[in-house]
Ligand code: SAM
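To begin, one chain is listed below as structure tokens, in the form predicted alone.
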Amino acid sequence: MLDVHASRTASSLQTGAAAGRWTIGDARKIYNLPFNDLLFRAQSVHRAHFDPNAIQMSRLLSIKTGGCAEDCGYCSQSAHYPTGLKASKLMEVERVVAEAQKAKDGGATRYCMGAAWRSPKERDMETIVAMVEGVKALGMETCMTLGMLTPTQSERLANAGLDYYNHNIDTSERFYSEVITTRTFADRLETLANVREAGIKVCAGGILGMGEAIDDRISMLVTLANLPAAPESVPINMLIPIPGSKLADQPPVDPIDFVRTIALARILMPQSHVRLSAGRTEMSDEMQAFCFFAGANSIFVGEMLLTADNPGEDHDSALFRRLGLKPMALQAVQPEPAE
């Protein structure tokens, strides 16, 4: 149970987020609090909205790999960089659904499907819709990341039952052009607006370690928190330097700075799932534990993300046992009734 001070702290922070009044200055002050005070605030907010010992588990599958026309400097799948990754065709629906069933059997409650596209072509939409319907029929939450979406595409995916759409803003508006030049920051926000308007939940976060300043990380989180509605899921990635990519030689992120960013995300977006996403293979168990204490309550499970390594189920299960964590139960997601 929270003490009076913690309750008041959590209440005031919730009020600021709900009103959409976060400024860079306010967020910077929170970020720069003494570490123990920052973690106390973040944990207080977290406990006001979530079971502090429950972690939401998602599984990610690349349904179409490589050959992307975008020049995202962090990505192994960009056709602009000699990363050695071969392009593949869009996966068959039956295989995607079979992989989703395996993920569900392994404890995942949300299934995320990603395609390396600037945006989906009309000829692929029927297959994409069938994937969403097939995974929904298993009783799982569905998520997709397909690049930019038009309002019509967003509506079609919503009608198929898509629960979440992932479209990261990656970094601050100021630093964005240092990482990507083939689409703008405004393009990212437009897709998020199209998805939200269609009634799909938003999954949007960013990447740390691309050469950005700490203020860029703060600005990215303030942008997300001040959207008309904060994203329901906020993945925070640590850059995995890909040989051949533009950002291959970036130095690693300071662990304390990373934990501070997780804590700020929790405070600015109290009701969002904050996902400890790419880069966990480079994090110690102790660093991950700090992230969970700071308010991270979602991870990807399995040995692979889209193209990068991820800690396997055995390692995650062992860490969960050591920390007394448990998988978050799936709520209000049922298979669609047969007609």
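Values in this document were obtained by computation on a predicted structure and should not be read as measured data. Residue numbers run from 1 along the displayed sequence.
The following text describes the form predicted in complex with the ligand, which does not appear among the structures shown.
- Screening 123-131, 248-256, 156-164, 232-240 for residues having heavy atoms within 4.5 Å of the ligand in the predicted complex returns a single hit, 232-240.
- Using a 4.5 angstroms threshold between heavy atoms, Phe175 stays clear of the ligand in the predicted complex.
- In the predicted complex, none of the heavy atoms of Arg196 sits within 4.5 Å of a heavy atom of the ligand.
- For the chain shown alone, Ser219 is not a contact residue for the ligand in the predicted complex, no non-hydrogen atom being within 4.5 angstroms.
- Mapping the unseen interface onto this chain, Ile299 falls outside it, with no heavy atom inside 4.5 Å of the ligand in the predicted complex.
- In terms of contact with the ligand in the predicted complex, the residue from Arg188, Lys201, Lys136, Lys104 that brings a heavy atom within 4.5 Å is Arg188.
- Though the ligand is absent from this view, in the predicted complex it lies within 4.5 Å of a heavy atom of just one residue from Leu149, Ala100, Ile207, Met269, which is Ile207.
- No residue in the set Val45, Thr261 and Phe290 has a non-hydrogen atom no more than 4.5 Å from the ligand in the predicted complex.
- In sequence order, Ala115, Ala116, Trp117 are the residues of 103-130 having a heavy atom within 4.5 Å of the ligand in the predicted complex; the partner itself is omitted from this view.
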